[in-house]
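Single chain ahead, written as structure tokens, the form predicted on its own.
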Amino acid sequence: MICLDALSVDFDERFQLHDINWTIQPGEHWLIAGANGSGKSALAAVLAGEGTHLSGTLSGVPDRVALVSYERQAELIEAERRKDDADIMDVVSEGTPVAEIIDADCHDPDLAQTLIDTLGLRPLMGRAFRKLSTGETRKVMLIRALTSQPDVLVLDEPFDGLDHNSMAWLQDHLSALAEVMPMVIVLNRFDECPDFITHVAYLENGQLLHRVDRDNERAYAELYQLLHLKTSGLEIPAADPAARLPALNPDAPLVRLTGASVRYAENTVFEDLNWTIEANQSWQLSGPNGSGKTCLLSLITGDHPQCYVNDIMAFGFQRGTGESIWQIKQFIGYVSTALQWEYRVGTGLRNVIISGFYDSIGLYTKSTDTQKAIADEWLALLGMSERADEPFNTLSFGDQRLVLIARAMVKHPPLLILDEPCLGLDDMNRQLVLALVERICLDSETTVLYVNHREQDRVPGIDNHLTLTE
């Protein structure tokens, strides 16, 4: 049993793993997953003895751990280059032949010969290792690892650089090897996860946030969805060109509050608040319960009666000059727990998203083919393509929240207001929502006004913060 207990590790001040708690039991095969830069490769390298331990413990690691990674590959190539630099006779070295590189740590010559033929490396045995292509180099690294008779096999992106036939062979070989050897595999593409994997470890920002048993179907599905949002190349779907909103003045702010105050008899919620929200300038609004966050939002949306006695400019309209509330709301997408409580319909997910074009709860208008296609693109982004006709009211609370955010975004409003979108969600669903908000901030021109009261729920891509106090 390999055990990492509150382990923090530094990698030459380039990256750190923080407070990792992880146990690999006999018979388990783990996939390490996460977005780029999350620490997947670093965690794999720790098992092979790399990194400087800052705190915590690592125990139970066997003597022979074989690691295949881009870092090990680069180290081997760099070692070959240093041999050239050290040549005092000024004779250009041809480099170490592939055959010697493989033999250096080989404990199973018969298997080595089989792998050399299977992976098509026989003609390259006399060639210098550093002259191989990326895919050929990766094959050599795999042969070295597989023939070293390791106690644990750690593979960082083992399928990268391999042709289709080589990838298929490696997947079959690893499946057979899994019967007798524990494995830890790092993958960016979650859909390449081998069938023999029993558990998944999910990292983010150097922290191990989730450890999921693959037999736990619900937890595995939620993790798959999170990874899909974090790592898929899908972009925020475009707006419907036939349903564009009226153009706004690009030089004017979306919203400007000047000396805003809200009072109830003797109670002042806030006063003399000056706040300007520019286009493409997302904000995070925070503060304790009772500080007036929701009250401030209702001034912007026009749902608070005191919006007409305050100096508020919204989307080119000076509040209280004869504009209708719908002239304001057409530019806003809104998601809150209260809306979710109201949206208790059995409508299919596709139609829930389409209802965002009409700002309705339920769909009462015949949708166009374009609207259906856009809704399907949103479902694909959410990892819900197979659930388009599933009734909304049968979804988990977290999945409902994701669909409602898509509904609010479908018309690409200039301003998307998310009022405590993580409220009532467990940790996994909270991260799903945060991942979607992050995608919207990075991939769209919609300005996000994100309301929360938890420090750990900050969203990358939102750099402006307004904090209300009691």
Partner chain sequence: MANYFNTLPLREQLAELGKCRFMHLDEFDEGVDALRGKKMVIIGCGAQGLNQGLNLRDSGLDVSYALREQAIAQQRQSWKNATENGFTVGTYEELLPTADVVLNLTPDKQHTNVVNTIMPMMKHGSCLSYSHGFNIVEEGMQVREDITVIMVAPKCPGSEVRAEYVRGFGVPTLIAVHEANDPNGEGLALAKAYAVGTGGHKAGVLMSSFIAEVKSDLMGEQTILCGMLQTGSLLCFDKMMEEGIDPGYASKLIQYGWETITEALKYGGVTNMMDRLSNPAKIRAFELAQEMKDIMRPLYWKHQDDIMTGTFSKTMMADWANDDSELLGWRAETAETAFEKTPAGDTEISEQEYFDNGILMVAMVKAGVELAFETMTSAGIIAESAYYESLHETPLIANTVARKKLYEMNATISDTAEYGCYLYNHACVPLLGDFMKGIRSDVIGKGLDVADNAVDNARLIEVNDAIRSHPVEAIGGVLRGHMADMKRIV
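If you superpose the two forms and keep the largest set of C-alpha atoms that fall within 1.5 Å, you have the rigid core. Positions refer to the first chain, counted from 1. This one's a predicted model, so the numbers in the text were calculated from it and none came from an experiment.
Below: the form predicted together with the partner chain, not depicted.
Checklist entry - So which stretch, 341-349, 123-131, 101-109, 71-79, is the one near the partner chain in the predicted complex (non-hydrogen atoms, 4.5 Å)? => result Checking each option against the 4.5 Å cut-off leaves 341-349.
Item to check | Contact of residue 397 with the partner chain in the predicted complex (heavy atom, 4.5 Å) | outcome: Flag for residue 397 set to no.
Checklist entry - Hey, in the predicted complex, does residue 306 get a heavy atom within 4.5 angstroms of the partner chain? => result Contact check for residue 306: yes, within 4.5 Å of the partner chain in the predicted complex.
Checklist entry - Heavy atom to heavy atom, is residue 247 within 4.5 Å of the partner chain in the predicted complex? => result Taking the distances in the predicted complex, the answer for residue 247 is no, it never comes within 4.5 Å of the partner chain.
Next on the checklist: Given that the partner chain is not shown alongside this chain, does residue 366 nevertheless sit within 4.5 Å of it in the predicted complex, heavy atom to heavy atom?
Outcome noted: Answer yes; at least one heavy atom of residue 366 falls within 4.5 Å of the partner chain in the predicted complex.
Checklist entry - Of these, 318, 276, 360, 149, which has a heavy atom no more than 4.5 Å from the partner chain in the predicted complex? => result Spelling it out, the residue with a heavy atom inside the cut-off is 360.
Item to check | Contacting member of 325, 373, 252, 221, with respect to the partner chain in the predicted complex [4.5 Å, heavy atom] | outcome: If I apply the 4.5 Å criterion carefully, the residue I get is 325.
Checklist entry - From first to last in sequence, which residues of 241-266 have any non-hydrogen atom within 4.5 angstroms of the partner chain in the predicted complex? => result Result: 264, 265, 266.
Next on the checklist: Checking residue 123 here: with the core superposed, does its CA move 2 Å or more between this form and the one not shown?
Outcome noted: For residue 123, whose C-alpha is compared between this form and the one not shown after core superposition, the shift is less than 2 Å.
Checklist entry - Is residue 216 among the residues whose Cα moves by 2 Å or more between this form and the one not shown after superposition of the rigid core? => result Where the cores coincide, residue 216 shows only a C-alpha shift between this form and the one not shown that is less than 2 Å.
Checklist entry - Under a superposition restricted to the rigid core, does residue 266 display a Cα displacement of 2 angstroms or more between this form and the one not shown? => result Indeed, residue 266 is displaced by 2 Å or more.
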